[in-house]
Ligand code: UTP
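Taking the form predicted on its own, here's one chain by itself in structure tokens.
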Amino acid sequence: MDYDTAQKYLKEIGQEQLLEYYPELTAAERAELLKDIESTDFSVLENIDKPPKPRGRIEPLKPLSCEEISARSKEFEEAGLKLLSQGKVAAVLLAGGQGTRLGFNKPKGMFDIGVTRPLPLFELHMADMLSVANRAKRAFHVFIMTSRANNGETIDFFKQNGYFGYPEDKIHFFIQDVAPACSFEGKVYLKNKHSVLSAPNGNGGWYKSLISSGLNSVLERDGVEWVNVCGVDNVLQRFCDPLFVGATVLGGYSCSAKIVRKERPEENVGLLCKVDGRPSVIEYYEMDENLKCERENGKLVYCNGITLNYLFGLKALNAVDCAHFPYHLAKKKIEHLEHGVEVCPASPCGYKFETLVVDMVNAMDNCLPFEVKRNKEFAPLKNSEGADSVETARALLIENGFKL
């Protein structure tokens, strides 16, 4: 794309501000900016004016309880280990975020949760995967989704740590796709005078990004049928759990989600339920107050709190259009260039466009809510103090026998 083409195109879509500093750029900077403009997907801006899609009929979705899982644990575990031993299960670790909210300016997976010894989150998760691989007598593929900002640092960290004892040829890195960030008026920001400001496009883009990287060929080559998708910030995350895999497959489900039982209506957690007869995740702020508080035999009716641990059947996933899941508007504090100066706003100043993995669940024909005990498998690390903090995560790790 040359300057005249870019200028004409940006005028048509109302984004001429991106060329504001073009006259003062070097030849290399001009080339970089024009390349950025050509590769930016401006169509995401159409989501700003889209009215929210109305919710249909909401109904509870009965979970497979801890008691039911315990009663069939041997059956589920044997089925899960068999699939793992056949190489039919893989893991995807969503690790594109930085540890900013923890006061840690590096990939969140590098955050050290240890007390008397170094224990980065990556090491914690890889140790869990290795233990499952040893039980199955076969290492499964691990796909780690990074971002443009932390890809190189993440790969170097794994190399420096000998891939944490996991077979190197089974670990694959791929970069999350991005979308432009803009003001509330829909004007795309510049990162600097020669770069369009883009941000990771949310965890729902993991499969599209994996395909874009070409790594889906590994799945096809090795006959992988199931993919376990997990977030990096749950320190008690269990990957490719044989019980979870076995229950999903034996139940004939297209996908499943590990859930914790919500105990208080005001708890801020997304809920797995049914909408118009299909599985759906409703965010806590979208749930009607009456439904949120509805109880039966003293227990909340809508109680399936999601934990960002999903199992998807690739056959079902390939049957839906993963490239066109809806974008959600996220109001954010966005560092950007304004009047030639870098601005670090104190309050939200614009939108980032994010796809969500929950939309993949909504696209499935069915989904198994698989209950786990909160104090055994759910310890999210999101804040430096208070709820879901370093302190609470460490306490739960110690409670579960981890040496920190």
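In this text the structure is predicted, and so the values were computed from the model without any measurement. Note that the rigid core is defined as the largest set of C-alphas that superpose within 1.5 Å between two forms. Numbering starts at 1 and runs along the sequence shown.
Omitted from view is the form predicted together with uridine 5'-triphosphate (UTP), to which the following refers.
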property	result
Listed range touching uridine 5'-triphosphate (UTP), judged in the model of the complex by heavy atoms within 4.5 Å, from 93-101, 290-298, 239-247, 271-279	93-101
Contact residue in the model of the complex, from N228, N201, N304, S256 (heavy atom within 4.5 Å of uridine 5'-triphosphate (UTP))	N201
V232, M129, A179, L84 - the one with a heavy atom within 4.5 Å of uridine 5'-triphosphate (UTP) in the model of the complex	V232
Any non-hydrogen atom of K208 within 4.5 angstroms of uridine 5'-triphosphate (UTP) in the model of the complex	no
L190 within 4.5 Å of uridine 5'-triphosphate (UTP) in the model of the complex, heavy atoms	no
is_contact(V224, uridine 5'-triphosphate (UTP)) in the model of the complex, heavy atom dist at most 4.5 Å	no
Contact label in the model of the complex: L308 to uridine 5'-triphosphate (UTP), heavy atom within 4.5 Å	yes
Heavy atom within 4.5 Å of uridine 5'-triphosphate (UTP) in the model of the complex - qualifying residues of 382-396	K382
Per-residue C-alpha change between this form and the one not shown, N134, threshold 2 Å, rigid core fit	no
Exceeds or equals 2 Å, Cα of G103 between this form and the one not shown, core fit	yes
Rigid-core frame, C-alpha of P348, shift of 2 angstroms or more between this form and the one not shown	yes
